[in-house]
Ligand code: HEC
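Okay, so here's just one chain, in structure tokens, the form predicted on its own.
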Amino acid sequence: MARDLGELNREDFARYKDDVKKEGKSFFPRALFHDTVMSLVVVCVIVALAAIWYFDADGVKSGILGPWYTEPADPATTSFVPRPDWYFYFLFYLLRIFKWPETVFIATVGIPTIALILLIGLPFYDRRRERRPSRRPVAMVAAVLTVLSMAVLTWKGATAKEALGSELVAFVPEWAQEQGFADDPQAVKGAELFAQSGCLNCHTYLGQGAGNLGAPDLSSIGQTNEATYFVRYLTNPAAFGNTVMGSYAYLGQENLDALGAFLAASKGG
């Protein structure tokens, strides 16, 4: 009767250990030679990539591996869309799924922590000696589902489009017509800044926006105060008791005045 495959594997492993014990495999020169060769390969790859990057690019002109340097950052920009590094795209897209304030904790802490605990505890609750994939269907299915979910979330996060900039600026003429400030260039400029600066990530305006973190609808905010008040508020929201909203002083006084004029002209249509 044929012996069990596991028994044969154990015999092969025992012979291998016995050979190692008898003949030995010395650290010098065997292991040292292998480490030296691998280290040399890694260094050569790094040097080659650095050479390609240096000779293929020219200043701000981008090559295969990117430019030497980029333009200085503009703190007053209203078109920049912050995005995470690629290895955080899966978490980035999880936040798009769990976008309500009450569920953000689940996406950022709950799901990753549970997955990490299950992974760390794997050696403790799965103590079988069998390691062949064909005889571990539950573990293999879980591993495949994890890899697929991470891959899909990473791809979705990499290709996700943000509802900022030109997409929301397209609503400005409609806002101006409904609110009656189409003939006020400063208010129109403020509306464009409002659309580009990410205000609608929290606020809502004439049916657009997310309405997150308890931020109010600004469609008729102009009925409450004048433009100068809104400029002061945007400069330092904390001085008015709002510790959630950040300061927009970085936009500069001209842009703040435009935003103030827009908000003051927003009287509900």
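Position 1 is the first residue in the sequence shown; the rest follow in order. This one's a predicted model, so the numbers in the text were calculated from it and none came from an experiment.
Just so you know, the form predicted in complex with ligand HEC exists too; it's not on screen, but the next bit is about it.
- Although the partner is absent from the chain shown here, none of F181, A261 and A265 has a heavy atom within 4.5 Å of ligand HEC in the predicted complex.
- None of 30-38, 64-72, 50-58, 231-239 except one has non-hydrogen atoms within 4.5 angstroms of ligand HEC in the predicted complex; the exception is 231-239.
- With a 4.5 Å cutoff on heavy atoms, C199 counts as touching ligand HEC in the predicted complex.
- Although the partner is absent here, F194 is a contact residue: one of its heavy atoms lies within 4.5 angstroms of ligand HEC in the predicted complex.
- Taking the partner from elsewhere, P216 is found to have a heavy atom lying within 4.5 Å of ligand HEC in the predicted complex.
- In the predicted complex, none of the heavy atoms of L206 sits within 4.5 Å of a heavy atom of ligand HEC.
- Of the residues in 236-254, those that come within 4.5 Å of ligand HEC in the predicted complex through at least one heavy atom are, in sequence order, G241, N242, V244, M245, Y248.
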